[in-house]
Structure formats: structure tokens, C-alpha cells
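Heads up, the chain below is alone and in the form predicted on its own; it's given as C-alpha cells.
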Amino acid sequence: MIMAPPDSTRVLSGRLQRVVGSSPLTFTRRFFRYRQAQIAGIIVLVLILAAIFAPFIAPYTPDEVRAGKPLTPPNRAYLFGTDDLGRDMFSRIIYGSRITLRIGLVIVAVEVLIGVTVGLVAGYFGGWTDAILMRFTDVMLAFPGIMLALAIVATLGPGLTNAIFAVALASWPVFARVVRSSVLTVRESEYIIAGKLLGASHFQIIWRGILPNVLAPIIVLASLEFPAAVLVAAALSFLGLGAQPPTPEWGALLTDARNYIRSAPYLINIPGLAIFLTVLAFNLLGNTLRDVLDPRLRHR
């Protein structure tokens, strides 16, 4: 007798339960017991709120020229000072948080889509499929990520969209390798073999049997790849290959400020500090997720 499949709510709840090893509430409490998670959570929350409410927080539009006197140091009227065109740096930093979050989310989403798909297919089917996909992945991993991204952007042309596409293409092999190694362990489980014997399709086995059991490393890796993506995208913008003026992307702000590093050092320091805090916060979150999702540490 074939049992009816559970409803989607129960399926999703079961998958989440399988990943975190406890209820979401218990997992959240355990996660925020770590001091580094608390600090990182505050920074990320501020970043998200700044991105959502940018039009209400920023006193000026990011591209408003002559909002103040050019190269005005930070003061009460202009918290972060003004740039060489008199644009309010506080407004540009606030609006830049939107771009930073979008860059990180889109890059990680593309990396996960490509890398997880390749890793699942290669690990599950094995044989020639595995050999071909993994040799292609090895070729991609042979190139330093930043150099490959530079080559792709140089080919496609400068621009934020091309920079996002280039960073994603240069980074997905990491996901493919991690997912494949996890699938090789899971695919020999008894319930996977039982699913095959009962006539389940390959898609059903991969989607409902294997993927939920390899979500933990995917989540941890995604949280660690987010700051790396932000950093590489900022580097491309700094080199003039990413976001183009007058886009208030933090890496591009560093490029605009190079000529004023002595006369107006705040133009360098403030965007650099914003990038540093963002990367630090997401790295701390990723490290905490790794610790919390480790089965050996769940009961501590």
C-alpha cells in the first residue's frame, strides 16, 4: 500500500528540522548564545534596516551635487562629510548598503544554483557524468577567483551587472565540490536505496531524499561566500571594472576618493570601514552557523 505524500508544510518543516537538528526556536536561541553572533547580528540588522529605509534615513539623494560645500569634513550637518562634488557621503553610504546587499545576495544565489546543481548531479549519478563535471570544475578551480573574475569582466565590459556575473561564475565550483562530497556519503544510505527499489524517480530521490541532508554545509558555505562576494565585487569596482560613477557602491566610492587620500582621508576611511564591518559581520555569522550546525556541538 502506497502512503499519500505529506503536505508541503510538513515536508518543509521536516527538512528544516533535519538541518538544524532541533526546532527553529531552539536553534535560534542556541545560535545567539554566541557573543560573536550577537555582535554580527546587530551589524547585519543595521545594514538591512539602512537598505530598506534608505529614502527615510538619508537626508539627500545619493547623486545630489552641491548638497554641501565640496570636501567638507564630517560635522553635525554632514555626518560623514561631503565629496569633491559636494555630495553627502552619509547619504551615499546609506544607499550603498542597498547595492552591497543586492550584490551579495545575487552572487550567492547564482553560485548556489549552479554549484549545487552540478554537485548533486555529479555525486548522485557518478561514472562519466561525475568525471566530466568534476574535471570541468577542477579547471575552473585552477584559476584564482579574482583573476578569473577580472578576465570575464574584461571580456564582457565594465559594469555592476557584469561584475556580479563574473564573480558568480568564478566562485560556483566551491559549492559543487562541497555538495558532491556530501552526496557521495548520503547516496549510499538505506532510505535512498529503498527509494530506488520502490520506483522513485531520480528527481524525487535527489530533491526529497538527498538535498535536505546536504543543506547544512550549503547554508554555512553560502553565509561565508556572501562576504567574499561583496569583497571581490568591491575590488572590481575599485579597479574601475564594477559599478560605474555615479553609483554609490562602496568600492566605487574608494576609487573616487583616491585623489584625496591626504586632504580628505574620511572619503577613504568611511567606505573602507563600511566594507570591513559588513565582511566581518557575515564572516562571524558564517563561523557561528558552522559551529551550531556541527552535530558534535549541538548538545553543548
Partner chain sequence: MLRFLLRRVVMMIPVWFAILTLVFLMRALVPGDPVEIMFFGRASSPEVVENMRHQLGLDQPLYRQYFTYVGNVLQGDLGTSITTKRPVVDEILDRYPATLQLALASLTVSVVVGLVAGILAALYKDSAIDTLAMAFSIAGLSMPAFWFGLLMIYFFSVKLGWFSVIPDGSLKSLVLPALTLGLIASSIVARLVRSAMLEVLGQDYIRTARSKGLSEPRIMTGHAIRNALLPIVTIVGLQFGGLLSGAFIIEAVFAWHGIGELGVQAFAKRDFPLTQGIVLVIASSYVLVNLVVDVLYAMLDPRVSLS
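Residue numbers count along the first chain shown, from 1. Keep in mind that what you see is a predicted model, and the values were worked out from it rather than measured.
Keep in mind the form predicted in complex with the partner chain is missing from the figure; the text below concerns it.
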{"query": "Position in contact with the partner chain when the complex is considered in the predicted bound form, options 54, 40, 47, 254, heavy atoms within 4.5 Å", "finding": "254"}
{"query": "Position in contact with the partner chain when the complex is considered in the predicted bound form, options 134, 150, 206, 106, heavy atoms within 4.5 Å", "finding": "150"}
{"query": "Location of the partner chain contact in the predicted bound form, chosen stretch of 110-118, 69-77, 141-149, 206-214 [non-hydrogen atom, 4.5 Å]", "finding": "141-149"}
{"query": "Contact test, all of 30, 93 and 164, partner the partner chain in the predicted bound form, heavy atom 4.5 Å", "finding": "no"}
{"query": "The partner chain contact in the predicted bound form: residue 86, any heavy atom under 4.5 Å", "finding": "no"}
{"query": "Proximity of residue 284 to the partner chain in the predicted bound form, heavy atoms at 4.5 Å", "finding": "yes"}
{"query": "is_contact(residue 158, the partner chain) in the predicted bound form, heavy atom dist at most 4.5 Å", "finding": "yes"}
{"query": "4.5 Å heavy atom contact, residue 265 and the partner chain in the predicted bound form", "finding": "yes"}
{"query": "Members of 85-111 lying within 4.5 angstroms of the partner chain, judged by heavy atom, in the predicted bound form", "finding": "none"}
